[in-house]
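This document opens with one chain alone, in structure tokens, the form predicted on its own.
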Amino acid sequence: MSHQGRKFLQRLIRSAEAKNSRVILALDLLGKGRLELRDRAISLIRELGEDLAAVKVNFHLLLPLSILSDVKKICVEAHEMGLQVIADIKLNDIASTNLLTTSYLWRAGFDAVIVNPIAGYEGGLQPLLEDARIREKGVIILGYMSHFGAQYTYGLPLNSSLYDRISTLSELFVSRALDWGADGLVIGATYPKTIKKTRQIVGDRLPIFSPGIATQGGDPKVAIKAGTDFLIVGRGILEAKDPLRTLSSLRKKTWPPKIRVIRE
């Protein structure tokens, strides 16, 4: 499948290069009320946006906030700072539900969504991928999560006689991401060997997004050396005494070399 016309990736790489940053801030915020959460998210985007490539929003905000008012305001603020906004919901359902879900995400202003490939292609992710391409949105495949227990699921061995050069469930997901024309892969920074193997499989055709930095023990420099393109960081920045200083230091330490070029 052709990788031309990946508008989300083009926008993301432009933002990364303009900010000299491969850091994506995970807005995993806790708060007592709706307005407190919304205003805190907007404040962080304004404070940290010049050092970020993008922001990621998950259920910490999607559940307590109104998606078409509060979340939309967060997306607008991020876009004004030149940032892409990724919805991290690990979407995993039948086609009709996937399309309904993303219709709300796109209306709210999201630029990409993270999906779980276990749903499969036909009757699962295919219509979403095709619709996202038309709308110039991104679809990022979950390849290997960052928590300790991920090794017991994503790392499950496969029957080698059924799959050529694919030995684990994660490697199968990586292969499917290429076949389906996805816009990237999530591989936890806590598993650098898996990042390296993923990079060997995808070459320069897909970027790798790695969560699990700092708080979960992932080393940003090790992840980048293994093949990561974008670092997803939440608590390591949000809970720092000086979030801006922490982010700025991370950005400067991890920017070179440039983000890999996505090729045919």
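Residue numbers here begin at 1 and follow the sequence given. Just so it is clear, the model here is predicted, and its values are computed rather than measured.
Although not depicted, the form predicted together with xanthosine-5'-monophosphate (XMP) is the subject of the following passage.
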| said: Taking xanthosine-5'-monophosphate (XMP) in the model of the complex, would 28, 56 and 211 all count as contacting it (heavy atom within 4.5 Å)? | reply: yes
Within 4.5 Å of xanthosine-5'-monophosphate (XMP) in the model of the complex, heavy atom basis, the matching stretch of 218-226, 38-46, 199-207, 231-239 is 231-239
- prompt: With the cut-off set at 4.5 Å between non-hydrogen atoms, does residue 90 touch xanthosine-5'-monophosphate (XMP) in the model of the complex?
  reply: yes
Decide whether residue 145 counts as a contact residue for xanthosine-5'-monophosphate (XMP) in the model of the complex under a heavy atom distance cut-off of 4.5 Å. yes
task: Find out whether any non-hydrogen atom of residue 105 is located within 4.5 angstroms of xanthosine-5'-monophosphate (XMP) in the model of the complex, and reply yes or no.
output: no
Contact flag, residue 186 vs xanthosine-5'-monophosphate (XMP) in the model of the complex, heavy atom cut 4.5 Å: yes
The listed residue (114, 85, 128, 71) that reaches within 4.5 Å of xanthosine-5'-monophosphate (XMP) in the model of the complex by any heavy atom is 114
